[in-house]
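To begin, one chain is listed below as structure tokens, in the form predicted alone.
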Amino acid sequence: MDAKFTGHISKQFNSDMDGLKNHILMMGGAVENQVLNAVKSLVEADSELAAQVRVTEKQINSMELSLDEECARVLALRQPAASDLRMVIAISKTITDLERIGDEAKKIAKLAILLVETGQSPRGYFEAKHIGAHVAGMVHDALDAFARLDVDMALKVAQEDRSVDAEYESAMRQLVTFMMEDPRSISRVLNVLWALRALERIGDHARNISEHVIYLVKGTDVRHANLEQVKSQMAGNF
């Protein structure tokens, strides 16, 4: 790896950064569980678990506020530069993406409760379970890449996002076709479609986190670049 994040002249700065990294990984673990529990509540029609996801989302919001304050304090007191500054910026952006993943998990939980109350959808649960496991794995791998400063793992997450997009589009076509054949199912199947859309967005946020890792380690901003462009930039920077 090109970037070095140890041995700063200020021991207190190193301590601050270690605290930030530990806290964001704790937040990430909580968010990953949110995604898994939200999908399980949808697939298994578990309204109690869905309610728990909605309550836990408030805790994730509190983590976001606390971490934002930590980042602001480090910037104000330590005035980091170069790779140290990139670390704080990457952490700040990752916090935002994790909070938004929590929001998407909350949406899925709300839809799970609605489907329990109004009647289960006749289709879409297999797709939700499959895509849900896929994006939860992406969140896990993105956080692992962050913890290890692993650009290869980050790039793998970006590649996985393309697969999730394809799975989502395929599921959407199948469910739309089903609704056309059975109009009575439209309202219930639509709720599953919204849940699939939330899962696709979770994949997007996991990719964002992987891009923050690349920026952190390589100093290269790969946002808005397609996968081939990212690979090309990475090859040029190694």
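Please read these numbers as outputs of a predicted model, since none were measured by experiment. All residue numbers are counted from 1 along the displayed sequence.
Here the subject shifts to the form predicted together with a further copy of the same chain, a form of this protein not shown in this document.
Practice task
Would you kindly say which of Ala51, Leu36, Val43, Met172 lies with a heavy atom within 4.5 Å of a further copy of the same chain in the predicted complex?
Solution key: Filtering the options by heavy-atom distance leaves Met172.
Exercise for the section: Name the single residue among Glu167, Asp84, Asp144, Glu99 that comes within 4.5 Å of a further copy of the same chain in the predicted complex, judging by heavy atoms. Expected result: Residue within 4.5 Å of the partner: Glu99.
Problem - Among 128-136, 144-152, 89-97, 158-166, the region lying within 4.5 Å of a further copy of the same chain in the predicted complex by heavy atom distance - result: Of the options given, it is 89-97.
Problem - a further copy of the same chain contact in the predicted complex: Val213, any heavy atom under 4.5 Å - result: Answer no; every heavy atom of Val213 is more than 4.5 Å from a further copy of the same chain in the predicted complex.
Exercise for the section: Would you please decide whether Met180 lies within 4.5 angstroms of a further copy of the same chain in the predicted complex, comparing each non-hydrogen atom pair? Expected result: Output for Met180 is yes: heavy atoms within 4.5 Å of a further copy of the same chain.
Practice task
State yes or no: in the predicted complex, is some non-hydrogen atom of Val176 no more than 4.5 angstroms from a non-hydrogen atom of a further copy of the same chain?
Solution key: Yes, Val176 sits close enough to a further copy of the same chain in the predicted complex that at least one of its heavy atoms falls within 4.5 Å.
Problem - Heavy atom of Asp221 within 4.5 Å of a further copy of the same chain in the predicted complex - result: Asp221: yes, in contact with a further copy of the same chain in the predicted complex.
Practice task
Using heavy atoms only and a 4.5 Å cut-off, decide whether all three of Leu190, Leu193 and His205 touch a further copy of the same chain in the predicted complex.
Solution key: The answer is yes: all three residues contact the partner (heavy atom, 4.5 Å cut-off).
Practice task
Just give me the residues of 48-66, first to last, that have a heavy atom within 4.5 Å of a further copy of the same chain in the predicted complex.
Solution key: Sequence-ordered list: Asn61, Glu64, Leu65.
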